[in-house]
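First, one chain by itself in C-alpha cells, the form predicted alone.
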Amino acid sequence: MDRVKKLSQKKRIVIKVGSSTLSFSNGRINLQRIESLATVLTKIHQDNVEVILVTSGAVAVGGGILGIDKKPHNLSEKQALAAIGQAELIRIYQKFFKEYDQVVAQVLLTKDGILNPVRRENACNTLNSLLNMNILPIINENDTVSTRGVEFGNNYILSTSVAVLINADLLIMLSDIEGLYSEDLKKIINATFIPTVTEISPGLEKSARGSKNSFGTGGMTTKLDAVKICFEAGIDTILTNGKEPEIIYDIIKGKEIGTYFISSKT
C-alpha cells in the first residue's frame, strides 16, 4: 500500500476532536490547543481540501464556566451545561478562525436528524452548500434537546455519521491515545502497536480496550464501532493522539502516524 499516494488523494476530510483533547484533565478548556487546531485546519482548507470539524467540548466548557470538574450523570444537568458551553465554544472557535479570515458555521445535529430521510437530506444539502461557499462547518451533537433514543451517545459515532452523510474520503479521529494496541496499555506495558488495520476481527475487538477521563466518553470499543461504520461505507479512518494538532499535516502527507484503518469497499 502506498500510504503517501492514498492519503494525498483525500479531498474531503472529517476531523473529530474530543473533550479529552480540547480540555485539561480538570475539564478546563485548552485554548492553546484550540488555537493550534484552527491554524492547522485553516491551512489545510486553503490547500483545496474540504474540512469538516466534529467537536466535543460544550459540556466541558459549560462546566468550566460554572467551576464544575466532572460531567454530571443527570441528563438535565448535562443539557444545561451544554447550553451554557455551546455558545462559548463556538465563540472561541470563531475567534481563532477569524484570525485567518476563515468563516465557520455551527451545525447542531441529533440522531433523528440523520435517520429521518427528509431531515437527513436537508442536513446533507446544508453541509454541501457550506463547503461550496468555502465555509468550514463545525458540528456537534445538539445536547440540549437530545434524549435517550435520539442521541448519538458520543461524537465518535456522530463523526462517522457525518462522514457517511457527506461521502467523505477520510475520517481523522483525534483522541487521547496514539492509536490501536494489541492489549490495554494500562495492563500490558509492552503491548504491540498496530499501525494498519484492514479487517476488524472478533479477536481485535475483544482485546481492544480504552480509557475515559472525567469529561470524555467511550473507550476503544466505541472507537472501533465507529470505524466499522466507515468500513461499510468505504471510508478510511485514522486514529491518533490529538495533543499536537500539527500532526494532521503529517497524516495528510502519508507519514506513519496513528492507526490507519483501510476500508476494502468503495
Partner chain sequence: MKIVVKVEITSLITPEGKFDKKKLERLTMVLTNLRNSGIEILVVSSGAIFLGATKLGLENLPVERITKQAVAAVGQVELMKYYRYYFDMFNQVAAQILLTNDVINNPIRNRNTQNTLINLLSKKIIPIINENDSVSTDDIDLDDNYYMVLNVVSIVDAELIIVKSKENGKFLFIHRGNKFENIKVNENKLIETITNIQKKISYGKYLSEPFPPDFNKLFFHY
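Residue numbers count along the first chain shown, from 1. Bear in mind the structure is a predicted one, so any value in this text is a computation, not a measurement.
We do not show the form predicted in complex with its partner chain, though everything after this point is about it.
> Is L37 near its partner chain? Define near as a heavy atom within 4.5 Å, in the predicted bound form.
Looking in the predicted bound form, residue contacts with its partner chain do not include L37, since no heavy atom lies within 4.5 Å.
> Check whether E77 has any heavy atom within 4.5 Å of a heavy atom of its partner chain in the predicted bound form, and answer yes or no.
The answer is no: E77 has no heavy atom within 4.5 Å of its partner chain.
> Is F96 one of the residues lying within 4.5 Å of its partner chain in the predicted bound form, judged by heavy atom distances?
Yes, F96 is a contact residue.
> Answer with yes or no whether I52 is in contact with its partner chain in the predicted bound form, where contact means some heavy atom within 4.5 Å.
It does not: once its partner chain is placed as it appears in the predicted bound form, I52 has no heavy atom within 4.5 Å of it.
> If you check N30, N241, T42, T222 against its partner chain in the predicted bound form, which one has a heavy atom within 4.5 Å?
Partner contact (heavy atom, 4.5 Å) among the options: N30.
> Given that its partner chain is left out here, which of E199, D47, D69, E232 has a heavy atom within 4.5 Å of it in the predicted bound form?
Going through each option in turn, the one that passes is D69.
> For this chain shown on its own, do I90, R119 and N142 all sit within 4.5 Å of its partner chain in the predicted bound form, going by heavy atoms?
No, none of the three is in contact.
> To test your reading of this chain, name the stretch in 166 to 174, 119 to 127, 96 to 104, 134 to 142 whose heavy atoms come within 4.5 Å of its partner chain in the predicted bound form.
Contact criterion met by 96 to 104 only.
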